[in-house]
Structures are given as structure tokens and as C-alpha cells.
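A single chain comes next, written as C-alpha cells; it is the form predicted alone.
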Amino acid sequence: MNAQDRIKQQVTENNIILYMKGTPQSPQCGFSGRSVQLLEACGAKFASVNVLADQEIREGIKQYSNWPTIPQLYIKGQFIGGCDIITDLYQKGELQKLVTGAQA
């Protein structure tokens, strides 16, 4: 299975998934850490993929979403965005709604 197929499977099988640098317990960049904090503040139960542990996924996720940076959040198979978008959605109360809908 190539990287694109693996990403598609991960995004499909997990209602909420965050592609990040590091892990939720040990983020390796500030943007990934901030994204985890915001998801946790919403009570999200989410999967994560450490792109630093898999170079194919690290490059593949950028192609999959056509988005150049990491972290990347997907909810119900839909690309939501990176840290700035996650922060904006949280501040507007929209991230909480997306998380609640995905976990219902």
C-alpha cells in the first residue's frame, strides 16, 4: 500500500485525525502542540499520526490535502486545515461543533 492509500485509509477509519510532528503526549513543534491543546479543550477523542516517524506520510499528506504545512486536521474524512485554521475555528466556537458532530 502506498502512502496515499495509507492516508486515505487513516482518514476514512478515524472520525478525527491529526497529522502532526510528534505525539499528543510529546509534540515536537509548537503548532502541533497548540492543535492538540485545542482538540483536547473540545473534549475530542482523536487519532494522531507522527509524521516525523514516517517520511512517506510526511510528504504524502502534503500532496493528499494540497496543503504545504503540518499539522493537518481531518474530521469525518474532510480536511479542516492547519493550526491557524484550527485556532480560528476554536475561537469562533466552530471547532467544538465539528468535534461534537464527529463524535455523535
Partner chain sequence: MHRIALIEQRLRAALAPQRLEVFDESAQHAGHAGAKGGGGHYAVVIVSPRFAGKSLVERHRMIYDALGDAMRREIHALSIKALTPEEL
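Positions refer to the first chain, counted from 1. From a predicted model like this one, the values you see are computed outputs, not experimental measurements.
Unshown form predicted in complex with its partner chain; subsequent notes refer to it.
- Every residue in the set 28, 65 and 79 has a non-hydrogen atom no more than 4.5 Å from its partner chain in the model of the complex.
- Interface residue remark: residue 88 is counted as part of the site for its partner chain in the model of the complex, having a heavy atom within 4.5 Å.
- Although the partner is absent from this view, residue 69 contacts its partner chain in the model of the complex, with a non-hydrogen atom inside 4.5 angstroms.
- A residue is said to contact a partner when one of its heavy atoms sits within 4.5 Å of a partner heavy atom; residue 84 meets this definition for its partner chain in the model of the complex.
- Along 1 to 22, one residue reaches a heavy atom to within 4.5 Å of its partner chain in the model of the complex: 21.
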